[in-house]
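Laid out below as structure tokens are two forms of one and the same protein chain, each shown alone and named structure 1 and structure 2.
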Structure 1
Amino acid sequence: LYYELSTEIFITYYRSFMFMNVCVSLLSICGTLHSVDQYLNIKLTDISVTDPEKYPHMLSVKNCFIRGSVVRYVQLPADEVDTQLLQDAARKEAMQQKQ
């Protein structure tokens, strides 16, 4: 069975990483997560480009806003990730939708 989970779980989860360094796959950008909204739009500060030869135009950018619909994935700090918390929240929401 497949249950569509609300984005609220992911918003809450991403917000727990505020002010930590994350990488976003869009343009291979890493930076400090400043905010996440209900559309999973992401604002990063103090960004750096992991592939400067491919994206030289991004070298002078220090802060950016990334539209949530274009983000393929967000790489979170491995030592800070609590997958059990995310799995429990997803299970709880799926059970609520099932009823």
Structure 2
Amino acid sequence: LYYELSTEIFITYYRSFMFMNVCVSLLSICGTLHSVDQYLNIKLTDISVTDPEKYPHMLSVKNCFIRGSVVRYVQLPADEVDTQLLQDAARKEAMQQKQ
């Protein structure tokens, strides 16, 4: 089950997204969200790579900058996120856009 969030909602509620798993092509990087900009460029700290055997070079990296355009998707831990809130925000936004 997944939800698609607009940039606006993501940036509005970003502060509640502390831990995330960012998927970039075949690489999945887990870390703490440090900051995000309007292009959804993401800075993560304390990162770990989901498949370290494939990408051993990333093991030595603690913090990274990920270009927003290469992010396939971002996984947020379900129990740490208020999905009801995000659903409502998305619904509101959809209503707004219909105007």
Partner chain sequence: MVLLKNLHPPTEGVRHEQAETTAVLDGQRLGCGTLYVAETRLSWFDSSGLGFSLEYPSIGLHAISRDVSAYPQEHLYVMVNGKLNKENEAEMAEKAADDDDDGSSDGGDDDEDEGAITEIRFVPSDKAALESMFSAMCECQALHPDPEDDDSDNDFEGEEYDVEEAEAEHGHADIPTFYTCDEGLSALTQEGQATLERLEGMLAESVAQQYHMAGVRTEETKAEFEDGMEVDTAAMEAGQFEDADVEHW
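What you see is a predicted model, and the numbers here were worked out from it, not measured in a lab. For numbering, take structure 1's sequence and count from 1. We call the rigid core whatever largest set of C-alpha positions still superposes within 1.5 Å between the two forms.
Comparing the two isolated copies of the chain, the second one is the form predicted in complex with the partner chain. With the core held fixed, Arg91 shows a CA shift below 2 Å between structures 1 and 2. Overlaying the rigid core between structures 1 and 2 leaves the Cα of Phe19 displaced by 6.7 angstrom.
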